[in-house]
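Form predicted alone, single chain, as structure tokens, below.
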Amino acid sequence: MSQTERVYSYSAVLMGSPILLKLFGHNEALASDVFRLIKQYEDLLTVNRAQSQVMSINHAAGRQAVDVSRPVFELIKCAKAASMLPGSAFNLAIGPLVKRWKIGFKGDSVPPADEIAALLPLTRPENVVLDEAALTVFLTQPNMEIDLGAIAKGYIADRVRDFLQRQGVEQGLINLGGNVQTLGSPEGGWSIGLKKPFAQADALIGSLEVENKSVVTSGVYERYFEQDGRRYHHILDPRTGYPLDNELESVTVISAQSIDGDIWTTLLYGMGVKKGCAALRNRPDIEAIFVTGQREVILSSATLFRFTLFDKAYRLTTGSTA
């Protein structure tokens, strides 16, 4: 970015995260409109308050189908499709397990194995029944709960980008706490830091430069607790009901749509590095950066971004050589 370009930053706390908006012009009214839009979508999609369309679906589980708006229906449909992929680590119906583990909230502890076994049948995505014509959602089992937390930020980031484009904004950035969506290409591109897991908040492994792309990072260091010398993080494996256990500490996905970043960070967590890189060979529109516990930084490929390594304690490789 050249010295002549002045960037104006606006911030708010929404969806439980600090939200950052960057514009190349001073426009508080536009920033207010953006934050209002985010709040509207948060109210629509959240499970963290009593009243929302998603909570209405959960409250009616096992009893009746619930009418929803078109955006909510489309998002649930997208989340179900990702959940139904063979061996998918993404699961929109994982709500009962998330609630029981409480990772990142007060009272988190390892649930008894029999409780996890009892909750697993309530997390089957095929039991989320969608009626396209009527725009209804029905959870067939009592006590089922859908949770769009793994996909909502990406969806909202994309809607903010669309809104800014309609307002004639050619260059900008929105950061929804881990989901970054960029517009345009300032000189040198947008520079986004790659966090060092389990380190100080400002410690970076490196940075990536992107233009007109979304960057989504999900890491096991974001929310976790320790019990009996073992660490339990918030990325649960829907197949077992326990946190995913592999070599990964973070996955960053670079894509045009932030919602794809949300879905693919979770899918890739479940696959691990080798299978993940193989899967991405069929998706030239999506690339990933894997950070492992062995201090490796593995790029699936690097045509959508440029990566610079800062921390020499890490070894940089590409998926073809990993």
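Since the model is a prediction, treat every value here as computed from it, not as a measurement. Just count from 1 along the sequence shown to find any residue number.
The form predicted in complex with a small molecule is left out here; the points below concern that form.
Residues Thr46, Ala89 and Asp147 are all found to lie within 4.5 Å of the small molecule in the predicted complex, as judged by heavy atom distances. Stretch 147 to 155 is the contacting one of 119 to 127, 224 to 232, 147 to 155, 206 to 214, since its residues have non-hydrogen atoms within 4.5 Å of the small molecule in the predicted complex. Exactly one listed residue, out of Met15, Leu21, Leu304, Leu299, brings a non-hydrogen atom to within 4.5 Å of the small molecule in the predicted complex: Met15. Residue in contact with the small molecule in the predicted complex (any heavy atom within 4.5 Å), chosen from Leu183, Val98, Cys78, Val72: Val98.
At a distance threshold of 4.5 angstroms between non-hydrogen atoms, Asp260 is out of contact with the small molecule in the predicted complex.
Taking non-hydrogen atoms only, Gly241 never approaches the small molecule to within 4.5 angstroms in the predicted complex. Among residues of the shown chain, Leu164 is not one whose heavy atoms approach the small molecule to within 4.5 Å in the predicted complex. The small molecule is not shown here, and in the predicted complex it never comes within 4.5 Å of any heavy atom of Ser250.
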